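Presented as structure tokens, the chain that follows is alone, the form predicted on its own.
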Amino acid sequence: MARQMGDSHRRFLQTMMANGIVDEQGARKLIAHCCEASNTQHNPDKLDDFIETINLKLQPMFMQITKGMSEDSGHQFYALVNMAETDVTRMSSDYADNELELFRKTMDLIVCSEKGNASSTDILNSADTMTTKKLKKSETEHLLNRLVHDKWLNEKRGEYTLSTRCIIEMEPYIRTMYQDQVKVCHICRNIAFQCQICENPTCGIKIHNPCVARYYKGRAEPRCPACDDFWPHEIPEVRRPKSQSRK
């Protein structure tokens, strides 16, 4: 029998509505805080059960707290997703039409690129091809900063990638709009942008960097899990949450 929604669940949901996304470590801390504030029992081993109780109440509103993985770290995240709106229109309450057009163009550049990123220069150039009201350079730069702040994009040294929040919330849209370009990770089966690619031209599978780290850990000679060719890329270290890395 499903657990009843209580004050601790409502507090957790309110925070998710305000923040949009939280990592697994943050979710556990937040649940502990919500249970303490509501004077209810806290079971740290029942994270998914706690969230499932909320999701059962969210179903009639076509909302859901969905779990996904960071392509950068491999850590798990939880995002509040509007299941009724699967495309960029979900952002229309926060962004103008021309800002959404530039975001779509940025997604085009990132998804269709070889390395899953887009430079600020390419994004600025794409603003010149807009069909809605064109954005000035300063306005485009300000918009990119907002998209990073709102956790739709990540930025590193002038290169932009899709954030964990964006991939989780936009996954149906991405799979539909870019079905010929999008590939999935051979290990976790999630969409793969930041990844390593098998160099065998008849194979070409993609594996997220964190999945590469876990899959090849302890293996003497890394070989492609699909075609068995030698895997020539650098094998990254497994990254653990800070609380675990200190143990």
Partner chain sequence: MTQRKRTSNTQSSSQSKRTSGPAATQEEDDDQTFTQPSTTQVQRGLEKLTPAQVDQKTAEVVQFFLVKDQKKIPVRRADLVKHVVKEYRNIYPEIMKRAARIFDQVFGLKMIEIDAKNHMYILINKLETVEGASPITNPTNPKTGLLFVILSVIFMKGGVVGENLIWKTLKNLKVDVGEKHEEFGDVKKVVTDEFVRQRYLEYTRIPHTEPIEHEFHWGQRAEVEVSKSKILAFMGELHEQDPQSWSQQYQEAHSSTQPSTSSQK
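Just so you know, these numbers come straight off a predicted model, no measurement behind them. Numbering follows the first chain given and starts at 1.
The same protein also has a form predicted in complex with the partner chain, omitted here; what follows describes it.
K.L.:
With heavy atoms only and a cut-off of 4.5 Å, decide whether residue 93 touches the partner chain in the predicted bound form.
P.N.:
Output for residue 93 is yes: heavy atoms within 4.5 Å of the partner chain.
K.L.:
So, residue 211 and the partner chain: in the predicted bound form, are they within 4.5 Å at any heavy atom pair?
P.N.:
Outside the cut-off, so no.
K.L.:
Closest heavy atom of residue 26 to the partner chain in the predicted bound form, within 4.5 Å or not?
P.N.:
Output for residue 26 is yes: heavy atoms within 4.5 Å of the partner chain.
K.L.:
At the 4.5 Å heavy atom threshold, is residue 51 in contact with the partner chain in the predicted bound form?
P.N.:
Taking the distances in the predicted bound form, the answer for residue 51 is no, it never comes within 4.5 Å of the partner chain.
K.L.:
Just one of 57, 67, 42, 183 has a heavy atom within 4.5 Å of the partner chain in the predicted bound form. Which one?
P.N.:
The residue from 57, 67, 42, 183 that makes the contact is 57.
K.L.:
Given the stretches 188-196, 175-183, 31-39, 213-221, which is the single one in contact with the partner chain in the predicted bound form, using a heavy atom cutoff of 4.5 Å?
P.N.:
Single hit among the candidates: 31-39.
K.L.:
Using a 4.5 Å cut-off on heavy atoms, what residues in 3-19 are near the partner chain in the predicted bound form?
P.N.:
Sequence-ordered list: 5, 7, 10, 11, 13, 14, 15, 17, 18, 19.
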